[in-house]
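Shown below, as structure tokens, is a lone chain in the form predicted on its own; questions about how it binds or moves come after it.
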Amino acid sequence: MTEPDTPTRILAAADELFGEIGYDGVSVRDIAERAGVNKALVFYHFGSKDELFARILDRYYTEHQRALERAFEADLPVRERLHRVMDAYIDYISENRHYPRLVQRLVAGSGAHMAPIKDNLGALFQSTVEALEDIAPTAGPYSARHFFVTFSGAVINYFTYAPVLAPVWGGDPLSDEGIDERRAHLHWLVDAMLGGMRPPG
């Protein structure tokens, strides 16, 4: 197997540390040590800790949006399309488990690095609104904006609470079986919400 190149190792190390500790608690030296490189190489490839962090955020959001857009674009009835979207959402977060912790730390923190979060959240929100435009009003309790928040939280919070759920549930919520069970629950939630939605007009 080919050894990852230096920028890839630095990105992976930074991703892990930012997800585990948060932006403020991580130094360039920490990243270099985790990556097994000289600190100067972090600056050489990425310029600064801020630029490295922005690169990680941009990559997460770009890949996340692409995954959801592919699911939204499927030529299927709304119910099946939204099942695909929920599958794409849970699969992406399952494969990128540092991502939700990273974003939640930023949102709960001092407000630094909020601009890329707002920009990317807006793009994801708009995709949801467009996908539901035939069945959801533009405002009120049945609107797409509530649908968006409900399902974002239903996926992301599952992964952020999993470590404390494990002893309570008596099993690992992030095992393959646990994620399959969560997926089935999200499909049920989609069906229940669609059944109660009022068409616009």
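One rule holds for the numbers: they count along the sequence shown, beginning at 1. As the structure is a prediction and not an experimental result, all values here were calculated from the model.
What follows is about the form predicted in complex with a further copy of the same chain, which we do not show.
Exactly one residue in Ser48, Gln65, Ser175, Thr160 has a non-hydrogen atom within 4.5 Å of a further copy of the same chain in the model of the complex; which is it?
For this set of options, the contacting one is Thr160.
Judged by heavy atoms and a 4.5 Å cut-off, are Pro7, Ala71 and Tyr92 together in contact with a further copy of the same chain in the model of the complex?
Not a single listed residue reaches a further copy of the same chain in the model of the complex, so no.
Looking at the partner-bound form in the model of the complex, is Tyr142 within 4.5 Å of a further copy of the same chain by any heavy atom?
Yes.
Although a further copy of the same chain is absent from this view, report whether His83 comes within 4.5 Å of it in the model of the complex, heavy atoms only.
His83: no, not in contact with a further copy of the same chain in the model of the complex.
Contact with a further copy of the same chain in the model of the complex for Val28, defined as at least one heavy atom pair within 4.5 Å: yes or no?
Val28 lies outside the contact set for a further copy of the same chain.
Just to confirm, Glu16 within 4.5 Å of a further copy of the same chain in the model of the complex by heavy atoms?
Contact check for Glu16: no, nothing within 4.5 Å of a further copy of the same chain in the model of the complex.
Where, within 143 to 163, is there a heavy atom within 4.5 Å of a further copy of the same chain in the model of the complex? Residue list please.
The stretch touches the partner through Ser143, Arg145, His146, Phe147, Phe148, Val149, Thr150, Gly153, Ala154, Ile156, Asn157, Tyr158, Thr160, Tyr161, Pro163.
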